[in-house]
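What follows is a single chain, given as structure tokens, in the form predicted alone.
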């Protein structure tokens, strides 16, 4: 037997304010609408605004350079510098379209890249560890540094006759000159990075019980990495300078020999083409090193 006074509904036990709020609450929360393509593009533009601005300025400067070059060569301007025999950009482009289909031109580029890779890799493999050891151990520094300082100012061209006498083939002598050109910038910058390591960090690692190998790996090497990659970047540029000088003097193949041969044959457009190829190859090599530095040191990109 049931009575209305004994049967209680759930609503009867709720306060009046809770019932009012429940009645005002929406039935279901609407889903968030996805961002439109325009919103996403605007966000991307704001995040990359600085890079886009730098890219636009770089493209504009290149276009201005080509325009000035075209005007100076078209009107044969002579004002302290003679542009009477300088090829125009269109002539260089015509030479490029011809050379790009020539296997010999591609062989010149590939041989120069191979020499750079071998010489620069040897310089990095020898220069970085040697710089780290010289920066850590005073006795090693005192023994090697005077010899390195005497050899460092000698230009790469002066090494060409000695390299020909030292090595049995021209290929080995050119790689040796490329190695010397990039070795000393790598060594000096690595030494500079070791000299700037905070000694407080070294003492803190020693107090925590770190051994010499751990200190070397965890303190000295990471602290010297920015200077090491600076030396690698500078060394790559000097390596190209040394390679081109060696190829012009004693080489039979390579982009430097291609440029010098074009001068001997009075092919002015090929001279400019060789110079532009050297610049593009050097720029690409430096960009590869900087990209590797950003991968190894991600904290530097922030």
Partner chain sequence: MVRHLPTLSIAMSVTSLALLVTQPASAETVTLGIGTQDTTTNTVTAGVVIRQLRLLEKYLPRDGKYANIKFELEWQNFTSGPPVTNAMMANKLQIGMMGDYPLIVNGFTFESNPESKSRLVGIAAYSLSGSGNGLVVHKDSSYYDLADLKGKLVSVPFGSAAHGMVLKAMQDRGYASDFFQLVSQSPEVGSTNLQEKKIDAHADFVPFAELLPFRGFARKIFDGVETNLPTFHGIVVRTDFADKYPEVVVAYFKALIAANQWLREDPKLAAEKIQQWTGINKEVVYIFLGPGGNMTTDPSIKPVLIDAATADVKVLQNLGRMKEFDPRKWVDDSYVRKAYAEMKLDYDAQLASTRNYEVSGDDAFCKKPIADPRKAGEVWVDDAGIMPFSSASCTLGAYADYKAKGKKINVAYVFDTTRGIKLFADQAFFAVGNGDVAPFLLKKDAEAYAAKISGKVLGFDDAVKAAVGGGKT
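C-alpha atoms forming the largest set that superposes within 1.5 Å between two forms make up the rigid core. Predicted model, so just to flag it, every value in this text is computed and none were measured. Positions refer to the first chain, counted from 1.
The protein also exists as the form predicted in complex with the partner chain; that form is not presented, and the subsequent description refers to it.
- Here is the short version: of 41, 63, 52, 266, the single residue with a heavy atom within 4.5 Å of the partner chain in the predicted complex is 266.
- Checking 153, 129, 146, 168 against the partner chain in the predicted complex, a heavy atom within 4.5 Å turns up for just one residue: 168.
- Of the candidate stretches 153-161, 129-137, 112-120, 183-191, only 153-161 has residues with heavy atoms within 4.5 Å of the partner chain in the predicted complex.
- When the partner chain is considered in the predicted complex, residue 272 lies well away from it, no heavy atom lying within 4.5 Å.
- Among residues of the shown chain, residue 240 is not one whose heavy atoms approach the partner chain to within 4.5 Å in the predicted complex.
- Though the partner is left out of this view, residue 249 does reach within 4.5 Å of the partner chain in the predicted complex, counting heavy atoms only.
- Although the partner is absent here, residue 213 sits far enough away that none of its heavy atoms falls within 4.5 Å of the partner chain in the predicted complex.
- Fitting the two forms on the rigid core leaves the C-alpha of residue 238 displaced by under 2 angstroms between the shown form and the other one.
- Taking 2 Å as the criterion, residue 277 does not count as shifted between the shown form and the other one: its C-alpha moves by less than this amount when the rigid core is aligned.
- The rigid-core alignment places the CA of residue 45 less than 2 Å apart between the shown form and the other one.
- In summary, the C-alpha positions of residue 173 and residue 249 converge in the predicted complex, ending up at least 3 angstroms nearer each other than in this conformation.
- Look at residue 251 and residue 232: in the predicted complex their Cα atoms move 3 Å or more farther apart than in this form.
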